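We give structure tokens for two forms of one protein chain below, kept apart as structure 1 and structure 2.
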Structure 1
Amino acid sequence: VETAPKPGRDVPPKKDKLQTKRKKPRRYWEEETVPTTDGASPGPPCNKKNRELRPQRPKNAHILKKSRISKKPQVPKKPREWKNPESQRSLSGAQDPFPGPAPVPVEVVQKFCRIDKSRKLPRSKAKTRSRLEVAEAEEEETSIKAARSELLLAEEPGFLEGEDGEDTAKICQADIVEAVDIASAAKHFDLNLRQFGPYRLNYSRTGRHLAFGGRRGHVAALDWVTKKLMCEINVMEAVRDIRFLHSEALLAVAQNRWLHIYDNQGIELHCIRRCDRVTRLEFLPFHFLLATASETGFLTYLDVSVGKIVAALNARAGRLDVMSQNPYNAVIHLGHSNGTVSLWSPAMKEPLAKILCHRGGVRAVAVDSTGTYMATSGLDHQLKIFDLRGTYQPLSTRTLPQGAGHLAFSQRGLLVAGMGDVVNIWAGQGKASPPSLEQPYLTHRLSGPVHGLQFCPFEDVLGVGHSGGVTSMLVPGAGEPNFDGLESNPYRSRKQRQEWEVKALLEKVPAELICLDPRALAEVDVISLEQGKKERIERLGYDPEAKAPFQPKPKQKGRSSTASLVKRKRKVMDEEHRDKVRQSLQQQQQQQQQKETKAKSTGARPSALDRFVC
């Protein structure tokens, strides 16, 4: 595994070249300080050059000047620093070679910025406007601070790079294991469990624990990094699916008849008879909901924090055995035998959306971690990637010789498909781009047909459950390199886990808030606002916020005759009238244009029905 050097880190060597070329610009405030610093110590001259060059460090300096972001930390601070050069100097007479706050690269700031600067502030009252401006300034400052602290995300993602012309898909696991360090090599392992047949598996949210369940009843959970077994039982019943609940201490197992919950020692805690003949399980971590899809065609949401069933939705599409969750908005995607994928939330009895994806049944669905792309594979041997941002259109399609039975996305957007006993992994071109299906990034052949797939969070590891056991394979660049210690910390202690559990339970998001756009909650409800306004006007009989008619102000002595007042009033009235006329004219023109375009688009060949369209 190689690590790519960051472009920003390699700047210092270039700096020397720049130094010789550039002429030092003279600043008005430097007049007094130059002679004093020269006399003070021999050190400063070289320091001064350094200092001067610092603002040039980010490559696109021209953007830097325009943007308000970079101006803020640099320009206003500098003069202040220079006002009293005495204070900068330490006792020894040395000067701070890098005065002022550290410069922040513009691209990084833009990455963290949430305001769309291209959209102008709406015309509003002065008070509202000033409040918006303050909010914007705050936002800018936070993005700068966030950009500053990006330094703390020390880890970088790895990736595979073939020597020139070499196909990375031809690199086999043995080669990778040979190349990486011992600790990483230990993450590749095979569990030979031929007896209890094809395995489903699940990693806990921290990526530290692995649970797998075999069709013939074998259930085990282990800390897969240290290979310490937590429990191993045989439930003496077919296991359809297995899933960790919010922490590694609880384990939900979909058995032949009912849904069972075990703790990490293998003790059965609950047998949930309301959920019967469950085929697939999904856990929504922020809502504490366990979504189960059953053979009877029901999608049931179980609140695991209080043990209540929140919603039982009848999908009316026969047996359900393809399910995945959208980690961005917690919507459940169900694949059906008629080739559609339906999107569900517990608040609605009907699906939020239905997407026709394939001719023939859907075999597998997966949604990436940002909620942007959905990958589906169907009985028509096709693998499609859909855009989930409103359009629901396929972005790319590929016909696979065998068709994929299992799909999964990694945290960084790698797509894996299990086809028979082969797994193929595709990677995208850059960040936040869909995986390109042209050329696989990696392939691997297993000792039996694949039955379960999942990328391990925060690790470059893919877990594959198959009929010959469980395989953990190395996939460089799969996992997010930096973890959020407050959210899911792989190294957390028992005490930390308990603390986190309490906090997480306090912040349990109600099930009713699940919808397609989770940000809709933060937006202004314009419709009900306008409705309320309308009702108020109706109730009062007049518009309390209407503009008062123009009243001319009395002027200086002698200028305020009745005639002139009337004249001024008339002037304003006329202007308003003209505005109105102008607006209505514009509207008319627009309508005309729309009509024309409509007529053009439909009027390629005149038909007999045209006369009915007005």
Structure 2
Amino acid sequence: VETAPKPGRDVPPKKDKLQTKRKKPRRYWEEETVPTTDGASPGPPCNKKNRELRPQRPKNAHILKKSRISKKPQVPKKPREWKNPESQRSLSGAQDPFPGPAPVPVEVVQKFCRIDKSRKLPRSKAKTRSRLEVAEAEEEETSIKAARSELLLAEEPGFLEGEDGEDTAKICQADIVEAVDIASAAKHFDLNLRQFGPYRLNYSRTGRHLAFGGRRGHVAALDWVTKKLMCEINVMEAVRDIRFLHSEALLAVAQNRWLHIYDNQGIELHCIRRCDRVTRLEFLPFHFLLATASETGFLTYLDVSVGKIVAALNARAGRLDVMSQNPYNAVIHLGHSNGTVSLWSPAMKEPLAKILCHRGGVRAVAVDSTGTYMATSGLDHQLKIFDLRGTYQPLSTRTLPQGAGHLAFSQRGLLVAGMGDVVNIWAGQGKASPPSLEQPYLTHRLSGPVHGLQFCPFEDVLGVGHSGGVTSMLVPGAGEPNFDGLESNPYRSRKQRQEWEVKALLEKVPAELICLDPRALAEVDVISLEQGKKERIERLGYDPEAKAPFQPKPKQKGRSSTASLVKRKRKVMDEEHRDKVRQSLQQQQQQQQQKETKAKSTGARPSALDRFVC
């Protein structure tokens, strides 16, 4: 019979079950340790929620309530300093040597800024002033963003430089075609159309399409880049001028009798008989207005979006055959036979301004894209450039051997003049500077007398219509190299053109807003406001905005007697009288101080006759 071994040295004693389950109590200052066996990885702590044990408070401890009033002196808290993440070091430990956004040159920002900061904000209510300040801040931020994005404009304007001492006017078109690439050389071409000339031409706003019309009824429109013909018709009537409307899908033709509208397939859409015997056409793209000048001396504005005539103005200067538009403010410039140029707006029946330019009749007028300079030529064989920024004074004058019959400005400020069968081009120092008339930039001789001139937008191309047809010349540096894809996109599809047309109609500017200074629209016309107030008072017989007489409120308990009402009225009248007397005394004191300062500034000795001077 086997017996259980007795506890001895070699055999460990058996432990009681309760004794094995009992653990040593652990205090809050002791760390929890988990025994691990060899070869086993330590696991998570035994606590199920895996959270630290909070120190336990003794049960008999007395809890002191905190008083709401602090005994310590309160120190104002420092504002939390937000750390700039850009200034912190990267993972590699290197620090950015150029932290923050790159600085933008002030000259580039001013180029895109549209707010004149030299003019102080008017004294107005706090709410209005805060809105103006917010608008200024947004405009400044927008101009900075536009200046930064200018780096993304990859194209640069072209130029033409001769060798040492070489005159660029002696460089002919054949030499330029040989020097440029194949795509640019294809933009130079001649259309021999002698049997239907002379021709007037016009480029679309995108610069992709060309329309021209001959004196003998030939009308055509084409994509001049790909040389794809859109339409070609003969109206069997003399064509005096031709213009694209807001897109290349519509075409306005001034025929011998009436004004006709065609589509890009050559189908006649409208015949406007109220515009008869039209000699010149101009289209205002942001107002959707077609301006026509006629032999009868009338300037007519036609709204092509609704098909109504907005205004018909009588210039009272005889036949009108010289007309141009200012792209900056949409003002029409008319040249007259008495040597004056008048500026017109559909909102006024009289000219906005009249400028005496030449001793003889005016033959041609052109305004640059910034609306700063105007070029005129007259029968006195003089070519003048005027400043349109309020002075209307000639900046430069040049006498030509033969008077210029046609003038045109490019987007970059180049000036072209057609004199007989010769075309001269003058260039300036930049886009914002007037062209220098001392030495021509380019010269070209055509096969017939010039009848129409226009630079192609966004291309270094000059289109010339003459008696022998149409010529496309290469003029380096004439066009703007970068275009706005949302406004004038030469590569837009049909769907994009339709969407742009809807957006342009929604953003159409009313014809009443055409004025000399577009910035004046944001100001208050005080003179017109006072005049309208006077007319309203005369019409009604009283001033509706006048201050009503004081009427005391009725009171109870016998305090609304007749004597008390009269006394209260008299008290208010006395207060108003005191205010008027106080204001008059202040004005007298100011006048006296002004007289004393004038007397001190002159430094003359006082005389007894000074008392008689008012």
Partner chain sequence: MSAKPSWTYREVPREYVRALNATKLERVFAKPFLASLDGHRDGVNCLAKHPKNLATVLSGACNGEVRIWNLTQRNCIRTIQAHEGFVQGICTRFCGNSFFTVGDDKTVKQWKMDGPGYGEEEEPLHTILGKTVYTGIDHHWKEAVFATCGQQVDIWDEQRTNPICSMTWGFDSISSVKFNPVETFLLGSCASDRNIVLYDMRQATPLKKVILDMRTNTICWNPMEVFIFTAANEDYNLYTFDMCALDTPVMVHMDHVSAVLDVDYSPTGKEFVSASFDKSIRIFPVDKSQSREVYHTKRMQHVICVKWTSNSKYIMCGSDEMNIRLWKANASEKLGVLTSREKAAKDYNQKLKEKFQHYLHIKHIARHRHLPKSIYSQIQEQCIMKEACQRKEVNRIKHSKPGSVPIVSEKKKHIVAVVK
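When a residue number appears, read it as a position in the sequence of structure 1, where counting begins at 1. The term rigid core refers to the maximal set of C-alpha atoms that superpose within 1.5 Å between the two forms. Nothing here was measured: the structure is a model prediction, and the numbers come from that model.
Trainee: Pick one: which is the form predicted together with the partner chain?
Mentor: Pick structure 1; the other is not the form predicted together with the partner chain.
Trainee: Please state whether P285 has a C-alpha shift of 2 Å or more between structures 1 and 2, with the rigid core used for the fit.
Mentor: Comparing forms between structures 1 and 2, the P285 CA shifts below 2 Å.
Trainee: Examine N314 after superposing the rigid core and state whether its CA is displaced by 2 Å or more between structures 1 and 2.
Mentor: No, its C-alpha moves less than 2 Å.
Trainee: Superpose on the rigid core, then tell me if the C-alpha of G541 is displaced by 2 angstroms or more between structures 1 and 2.
Mentor: After core superposition, the displacement of the G541 C-alpha between structures 1 and 2 reaches the 2 Å mark, so yes.
Trainee: What is the C-alpha shift for T562 between structures 1 and 2, rigid core superposed, to one decimal in Å?
Mentor: Its alpha carbon moves by 37.8 Å.
Trainee: Keeping the rigid core fixed, work out how far the Cα of A102 travels between structures 1 and 2, to one decimal in Å.
Mentor: Between its two positions, the C-alpha of A102 lies 3.1 Å apart after core fitting.
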